[in-house]
Each structure stands twice: as C-alpha cells, then as structure tokens.
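Given as structure tokens, the chain that follows is alone and in the form predicted alone.
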C-alpha cells in the first residue's frame, strides 16, 4: 500500500497535490510519503521477533530526511561505505544500530566505524578480516564480526542484483567458513559474534530464502559444535515489491516473518535484517512533465523532462515502473501506445517500451511509480543535467529535502588548470 491517490481529479502524495508541488518545485522531482515509509517499516517490524534489529539498507535511499524518519521509528542502518556511515550518524542512527556490509571496506572506513562503536562488521573475505584485525589492534579495540556466508543459492532475481551464488563477489563460500571462524577466534582484534547472509534483492519467492537460511542454521550448529560462540544471525534483506500493480504481489512480510519463526525457533541468537527496497520503493515517485509527443516512422515517443540520469533502473536493469498521469484520466481513457523516453543522447534513455497510456500532450505531468528505492540515490549529472530534487510529504506538510543544484554549482565542481587559463598550448609528444 502507498499513499499516492487521486483526489478531486489530481494525484496527491498524502494530502499534497502533485500538480501544486510541480508548480512550486519544478520538474522533474522525487516525492516521498512519510506515511508510506512509516507503514512499511512498522508492518515489517511487526512480522519479526521484537528483539530483532532492523538495519535499513540505506543504499536504497540515503536522503537524510528518509533516514531520520526511519531512525525515529527505531531503525538501524546497513551501510556499505564510510559516506553512508557519516550520513547514518548525521540522521541520528546510533552506532550500536549500524551494520557495515560490503566487500571493499577500506582501513580508513574500518577505523571510522570502530570509533562510532558500530554493532557489527559483516566480513566478506579473509584479507578483509586480516585488515580489520590490524586496524582494531592499532586502536586497542576488538571489532565485533559476523562472517558473511555465500550459500551458493540462486535468489531467482535479476542477475545484476543476485548476491548469493558461488559466482557472485559477495560473502565467503560456505565450506570455507569454519576455517575462517577458527582463524578469527585467534585474532586479538576480532570478536567473532555470528554469521550473516544476503542472497539478493527484489525476491518474489520465499523458497530461495528457505534454502539459504536452512544452510546458515546448519552452519551455526557446526560452528557451535566447534566451540565458537555464535550470538547473532544476520539474515539480510531482499524481499521484493510490486513494481507492476497488475501482477501477483511478492510475499507479504507476514509470510516472511512466519518463515523466520519456523526456521529460527530455538536458535537462541540475536536476529538482524537488512530491508531496503521493501521500505522505500513504494514510498517514492518521480514526477516529470511531457516535453513533446513525437511521432516516428515506427512508433510514437512520449518525451519527458526526466531522464536516465534521474532514474537509471529501466536502462540498467530493464526495470518496469508503472507510469500514470497526474491528472486523473477517468474510468475509460483513450489509450495510445508510446515509448516513454528522456532527453539524454542515449537510445537506452528509455522508461517504457510500447506502453499503452492515456493520450498525452506537451505540458502534462506524469508520475513514475515505485521510484523511492534506487532512484535519486543512483542519479547523476550526465549530459550536464541537474539531478532531480527530492521532496518529503507528511500529511498536508511538505519540504524540499534535497534541493536542485544550480548550473553555477555544477560548473564550480570542475577546475581549469592555470596553464589552460593562460592560453598555453599543449605540445604534442
């Protein structure tokens, strides 16, 4: 469920007209619903044991206002960089609710995370473990570590967001974990506290999770039998969302929670979860204005003022986003078939291929739905375009929570060397 509905013929975010927002903010822009963020987090939390840590995967959407909304609800953060650590702390998420994942943690990032007293490091390789041990010993600390396990389970999702197969870069092969656990237990800078796994994103079937978690639970028994004190089990995230509202929805959090309860009964561990997309995807939309309706020899194009630099998922993953007019087209609108595209000089700058939509004209506003996850956070200034600003709505209130930068600010990011300013010619060779 989301809180984007038609009222008086106009699509609203909660009680705020998107038409009015477009006039105030300009297009394109992202809009997030506080009510949807809150509901999704609370529904997921209610499905799990009360003691579980829900570490929101902030790579899905790292806007400080979104993070603060979730922090106020008790969320932790799953981070994958030093920058995300800083943003999580700035949003009021305490270190004891922060989990550090990712295959490429630098020593500087490890040091900052130890200084912040984070909850745990999900270690993904032996070289990383050795580096963390060295950093922790230099600081006179013991780093709390879970070993991220690669269970070699196909998540049955898009290849680019699958993370639990043997060929993926993530985690330690499951057969190697006992040896690495023994190594970790002998390191002065490491406190081995548990195991972790995460097999992929946008999962629409619980069976891969059942297979992966079953392997993890059996592994915990083996590690305990070998004398290791396993206190925590991080089961990751990845539960999918309905990008196409006409399709069968992914499993509800309640069913996910039942599977957790079934498999972890009597396990006696602190459970950790890392939902991202599930919390924020349907809480956000991208609003764009039609620039042109362009007839072509083979098809018609709906040219928007948003582009792949604003929302790259369709170009990168062939991802689907429902597209709806901000003005209610009525019960039986006349449909036209379009390729919905942006202004960027790439054929891949495509939001929808052969999509049947209510007939549109230049100036109409369109909303690209389910864009709260991996939308603004993956945006860029490609083609020297200004990334879309972000707006947070709460009831009748709204605020620009990331302004659109100016062209002057964009240009000021670059520096011209003195010799070019002086007009000096570069000699060949």
Ligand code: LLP
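The shown structure was predicted, so the numbers you read here are calculated from the model rather than taken from an experiment. Residue numbers count along the first chain shown, from 1.
Heads up, the form predicted together with the ligand isn't pictured, but that's what we're talking about next.
Taking the partner from elsewhere, residue 274 is found to have a heavy atom lying within 4.5 Å of the ligand in the predicted bound form. Although the partner is absent here, residue 150 is not a contact residue: none of its heavy atoms lies within 4.5 angstroms of the ligand in the predicted bound form. The shortest heavy atom separation between residue 105 and the ligand in the predicted bound form exceeds 4.5 Å. Although the partner is absent here, residue 282 lies well away from the ligand in the predicted bound form, with no heavy atom inside 4.5 Å. Each of 101, 198 and 378 is positioned with at least one heavy atom within 4.5 Å of the ligand in the predicted bound form. Contact with the ligand in the predicted bound form, judged by any heavy atom within 4.5 Å, is made by just one of 342, 76, 237, 171: 237.
Of the residues 371, 392, 70, 57, just one reaches the ligand in the predicted bound form with a heavy atom at 4.5 Å or closer; this is 57.
Residues within 4.5 angstroms of the ligand in the predicted bound form, judged by any non-hydrogen atom, belong to 274-282 and to none of the other stretches in 296-304, 326-334, 138-146, 274-282. Residues of 314-351 that come within 4.5 Å of the ligand in the predicted bound form, judged by any heavy atom, reduce to 317 alone.
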